[in-house]
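Starting off, we have a lone chain in the form predicted on its own, written out as C-alpha cells.
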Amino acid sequence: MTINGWLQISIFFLVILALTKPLGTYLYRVFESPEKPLPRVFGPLERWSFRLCGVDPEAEQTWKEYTLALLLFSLVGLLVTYAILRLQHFLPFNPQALGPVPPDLAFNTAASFTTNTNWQAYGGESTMSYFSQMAALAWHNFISAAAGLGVALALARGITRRAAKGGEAPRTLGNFWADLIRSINYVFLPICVAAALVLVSQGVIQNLKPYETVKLMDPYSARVTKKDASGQEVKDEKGNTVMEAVKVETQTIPLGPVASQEVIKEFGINGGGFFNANSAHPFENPTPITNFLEMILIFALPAALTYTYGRMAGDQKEGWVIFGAMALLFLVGVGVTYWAEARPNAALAGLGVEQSAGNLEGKETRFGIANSSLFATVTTDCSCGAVNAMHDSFTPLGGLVPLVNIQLGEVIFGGVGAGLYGMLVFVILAVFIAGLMVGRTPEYLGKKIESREIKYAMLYVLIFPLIILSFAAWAAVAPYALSSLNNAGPHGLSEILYAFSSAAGNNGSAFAGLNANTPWWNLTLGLAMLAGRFWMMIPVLAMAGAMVGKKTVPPSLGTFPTNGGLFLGLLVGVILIVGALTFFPVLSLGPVLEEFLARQGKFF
C-alpha cells in the first residue's frame, strides 16, 4: 500500500461527500417539491411526456397499484428485450451480420437487464448487434434504474408522510409512472448526455462503424480447435478435441456506440459492458480520468438519495446517519481489499515472479492496485457489476470483500433505489431491536413499528439467502453445473457462490472462472435475478403501504433516538450480524478456507 493509493481513495470519498447534498437536494426538488428544477428546460418535456403516455401525475396510487404497475411494466420490458435479441439478425445496425441470440441466453440476458443486474454470460462484441446494444440493453439501463428509484421513493414516502393536522393519514405512495418519467427526464438523460461527451473527449469510442480488420506487424502462431468442412469440432478416437496450429496475421478490432451505454451503465448502476472485458477494456475505460469519473457515477445517486431521504423525513440527521453507516462499511471494505491485494499472491510464491507491487494478476497496469481495489469495492457496494479488474484473480481475502459486500444485501450505498430501500429495511429492524432493549413499542419517525412491518422486513431479509444458498447447493452437487467450473476446491465453491450472490443481489459482476453460458446456468441465474429483484421489492412496497397509513405519536422519554451515533452503530451491527449469521458457514468453506490453504502452499 502507498500514500498515493490512499490519497486517491480519500479524494474519491471526499468528492462523493461533496456531491451528496447538491445532488440530493436536486432529487428532492424533482420528486417531492412542487417547484421543479429548471422549469423552462424540463417543464415542456415533462408535460409532453405525461400527455404522450396518458399519465396524470396527481393521481396517486396505493401500494398495490404501485406494485402492479411496476410488475407489468417490467414484464413488458423483459418480453420486448427477449424479442429483440432473438430477432436481431432481421433488425438494422448489425454490421457483423450476427445471428439470433440462443433462447436460453436471450432469456438470461432479458432477465438480467430487466432486473438491473446486467449479468453477462456472453461477449458483447461477438454476440450483440449494435441495435441490440442500443434498443434492448442501453434502453433497459435507463428504465430498470428508474423503476428501482421509484420503489425507494415509495418506501420513503410511506415512512415519512404524515396526516395533515386534524386530517386522515395518507394512503398513497405517489405515482409509479410519474416517478419513472421524471427519473428519466430530470435525472438520467441530462446527466448521461453530458457525461458521455466527457468520456468521448477522453477516448471512449462512439460510432456505428463496422469492425476493423488490421494486419499485425508481428504475426504469431496459435493453437485453435480443429474443425471439419461442416464447421464441427474434430475429435480423436478417445473423444478429445483436436487442436491445430495456425498463423495469426490479422486482428479484428470491435467498434460501436460505446460511450452512450457506458455512462448509463455506471450512473444507472447497471454494470453491463459493451465489451466482454467491461471497464477493463480501453475503449470503455481508457484512462485513470475515465476510471475516476465512472466510479463517481456509480456512487453519486445512492449517496445523494440519503440526503433526499433526510429532507423527506424533515430531519437531515436521519439521512446523514444512513450515509454514515454506508460510508463506514465502505471504508472498512476498501481498506481490507487494498491491503489484501497489495500483498504478494501466495499462489505465485516460489515461481520467481516479482511481486513487490502486490497482486497484479488480472489487473490493468494503467489503474494499478489501489484503483482496482477501489473499483471492485465500489461496484459491489452498489449493485453495479462493472469491473476494471478480474475478481477471480484477486487473493482469497481480496475476493472475499466484494462477495460479502453483495451478501450484505448491497446496502452499502447499493443500487439506484435498492440501496436506500434495503437500508431502510435494516433501519426498521434496528429500531425494533432497540425497542426490545428498552421495553417499549418501537417507533420510527413517530410511527409505531408493529408485527406487520417486522414480518415484511424478515421476509425481505430471508428471501435473499434462500435464493443464493438453494441454487448454490444445487450447483455444488450437480455434474452439469460443476462441468462449468475451471477450479476445484474452495475457489470453485467461491465461483458458484459469487455467481448466485451476484444474480440474486442484482449485481452482475462475476468470478469469471465460471463458464455460465450453458442452458442450466442461464436458466437458474435468470430465475435468481428475477426473484432477487421482484420478490424483494414486493415486501418493501407492502411495508410502505403499512407505514403510510399510521398515525404519528410524539416522542417520549422511552423513544430511542435514530438520528445520532448510537443508532448508527446499532444499524451497522444489525447489518453485519444478519450477514454473518447467514453466510459465514458457507464463506468459511470458500474464500476463508482458500486463504488458510494458500498460506500453507496448497492450491487446487
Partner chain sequence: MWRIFITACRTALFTLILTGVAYPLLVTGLAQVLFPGKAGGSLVQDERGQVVGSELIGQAFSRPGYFHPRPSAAGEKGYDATASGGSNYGPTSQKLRDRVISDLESLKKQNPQAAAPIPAELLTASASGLDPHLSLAGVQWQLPRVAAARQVAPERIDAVIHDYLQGRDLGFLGEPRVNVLLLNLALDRHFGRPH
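What you are looking at is a predicted structure, and each value in this text was computed from that prediction instead of being measured. Positions refer to the first chain, counted from 1.
Keep in mind that the form predicted together with the partner chain is missing from the display, and what follows is about it.
- Picking from 314 to 322, 135 to 143, 424 to 432, 154 to 162 the stretch near the partner chain in the predicted bound form, with a 4.5 Å limit on heavy atoms, gives 135 to 143.
- The candidate spot formed by P102, D236 and A475 lies out of contact with the partner chain in the predicted bound form, as no residue has a heavy atom within 4.5 Å of it.
- Although the partner is absent here, L570 sits far enough away that none of its heavy atoms falls within 4.5 Å of the partner chain in the predicted bound form.
- Using a 4.5 angstroms limit between non-hydrogen atoms, R533 is distant from the partner chain in the predicted bound form.
- Contact between E212 and the partner chain in the predicted bound form is found at the 4.5 Å heavy atom cutoff.
- A residue is said to contact a partner when one of its heavy atoms sits within 4.5 Å of a partner heavy atom; Y480 fails this definition for the partner chain in the predicted bound form, lying far away.
- Contact with the partner chain in the predicted bound form, judged by any heavy atom within 4.5 Å, is made by just one of I184, L445, V461, A121: I184.
- Think of it this way: in the predicted bound form, the partner chain has a heavy atom of just one of W339, W520, F107, F367 within 4.5 Å, and the residue is F367.
- Applying a 4.5 Å heavy atom cutoff to the partner chain in the predicted bound form picks out N388, A389, M390, D392, S393, F394, T395, P396 from 378 to 398, in order along the sequence.
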